[in-house]
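Quick heads-up: it's one chain on its own, the form predicted on its own, in structure tokens.
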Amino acid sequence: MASAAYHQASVTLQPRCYFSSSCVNQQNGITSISLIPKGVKLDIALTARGCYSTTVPDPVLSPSSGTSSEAKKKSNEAALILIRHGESMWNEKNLFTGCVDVPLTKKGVEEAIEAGKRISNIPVDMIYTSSLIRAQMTAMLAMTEHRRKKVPIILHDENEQARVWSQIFSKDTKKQCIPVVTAWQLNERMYGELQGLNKQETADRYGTEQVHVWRRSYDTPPPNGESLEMCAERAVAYFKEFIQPQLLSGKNVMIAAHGNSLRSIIMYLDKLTSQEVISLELSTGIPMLYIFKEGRFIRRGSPVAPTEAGVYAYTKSLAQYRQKLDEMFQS
């Protein structure tokens, strides 16, 4: 019941006004916007529920620089970075947090910055976060460490005024920005009546075994909350509908989210069973890298540092990207 109400009250954010347009066409409920910045055409397909392509190509540092967009689509290779947010203020207090919007601690800020250092040589064309501040803080802080120094810009589509007021009118500025899409579907699992309770006190009251079932079983929700199965239903559906098409088009994507929403996505990427996913643990602030290639997700683990050779040697495009960064920023 509570989960159903939670879903009904939710809104999908649509980043449809990040760009000003030169041509807008509508057909069969789909809006197509064509932009022509300095001879480059970019089509943005928008539906009533979201967008499929929103980024401006980076002609200087794109891994496929010097190749046609058609060749990039055929290569079908992209990087996917997953980051669980850094420690939150309720993590520190050992409280059930769920969908309560709690910021990072000082340690959480440091974890986000360290995560940024680990991915500082990996291309990022688009960022997805949950609607919760701890995930958004993690994404923003991580990108302050990226060598490309592009600016992450949160897209606002709450209403017409938000869309109009947040437009960017400089083409050069747009090229130095990374769109950030926030989506409630990537939120942490809703812990129902446990939210705000101390974890140890809850175990003392209901029993360690019962609390373990609520926290780690796949299909048993806490009172008036979501099970991992319910969380996976919304998170994976969003990933398939909105994020995977970006990867298919060759965009490199970062997702900053939460333990359970990311476990759900990893369950899909790694084809884990419901029994395997309940034992999956994700550390705060540790990025996980996947390579999307030839229709498959290949897990690379976490880059241990910006200079970790194995990550960049794995694909030619990542190696080329890092080489171009080195050439651009060498003293």
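Residues carry their position along the shown sequence, with the first being 1. Being a predicted model, the structure only gives us computed values, none of them experimental.
Just so you know, the form predicted together with a small molecule exists too; it's not on screen, but the next bit is about it.
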query	finding
Residue contact check: Ser249 to the small molecule in the model of the complex, 4.5 Å heavy atom	no
Partner contact for Gly98 in the model of the complex: the small molecule, 4.5 angstroms, heavy atom	yes
4.5 Å heavy atom contact, Tyr191 to the small molecule in the model of the complex	yes
Non-hydrogen atom contact Lys117 with the small molecule in the model of the complex at 4.5 angstroms	no
One residue of Lys171, Lys93, Lys107, Lys199 in contact with the small molecule, assessed in the model of the complex (non-hydrogen atom, 4.5 angstroms)	Lys199
Candidate from Arg147, Lys175, Arg215, His156 lying within 4.5 Å of the small molecule in the model of the complex - any heavy atom	Arg215
Residue stretch of 163-171, 138-146, 215-223, 202-210 approaching the small molecule in the model of the complex, non-hydrogen atom distance within 4.5 Å	215-223
